[in-house]
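The chain below stands alone and is given as structure tokens, in the form predicted on its own.
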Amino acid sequence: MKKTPKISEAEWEVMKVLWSKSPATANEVVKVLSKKTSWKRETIRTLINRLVQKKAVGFEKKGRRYHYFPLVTEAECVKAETKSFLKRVHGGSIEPMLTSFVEEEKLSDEKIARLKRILDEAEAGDEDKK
């Protein structure tokens, strides 16, 4: 299994653009991010280059332009970031995190029912492994 690269908060913004539209040229990424951020063109290009070095983004040269595309899925990155967060903040245990969220957030009946279904499915999966 390949290791998902660690992506900074700023790099996430670039990845979001590429996950929504790829392949994309650097100019296309700059155009999207210039509307959402105050970053300069050079900053965005630096972020793209960092993502290429981290092997989170690949590219194909077409004429004089480079077309960039994600090498990792959004789901892979979310999973890796979630594990990293759990390890840093909750010692790798999901229980304190869930407890914290449930105690701090007002959950609708629909969200509570969904959480119960997820937990029931997880419990049933554990039973199958025994």
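For every residue, the number given is its place in the sequence shown, counted from 1. In this text, all values refer to a predicted model and were calculated from it rather than measured experimentally.
FYI, the form predicted together with the DNA isn't displayed, but the following is about it.
- Using a 4.5 angstroms limit between non-hydrogen atoms, Leu115 is distant from the DNA in the predicted complex.
- Although the partner is absent here, Lys6 is a contact residue: one of its heavy atoms lies within 4.5 angstroms of the DNA in the predicted complex.
- The closest non-hydrogen atom of Ala56 lies beyond 4.5 Å of the DNA in the predicted complex.
- Proximity of Lys83 to the DNA in the predicted complex falls outside the 4.5 Å heavy atom cutoff.
- Residues Asn49, Arg50, Lys54, Arg64, Arg65, Tyr66 of 49-66 are found to place at least one heavy atom within 4.5 Å of the DNA in the predicted complex.
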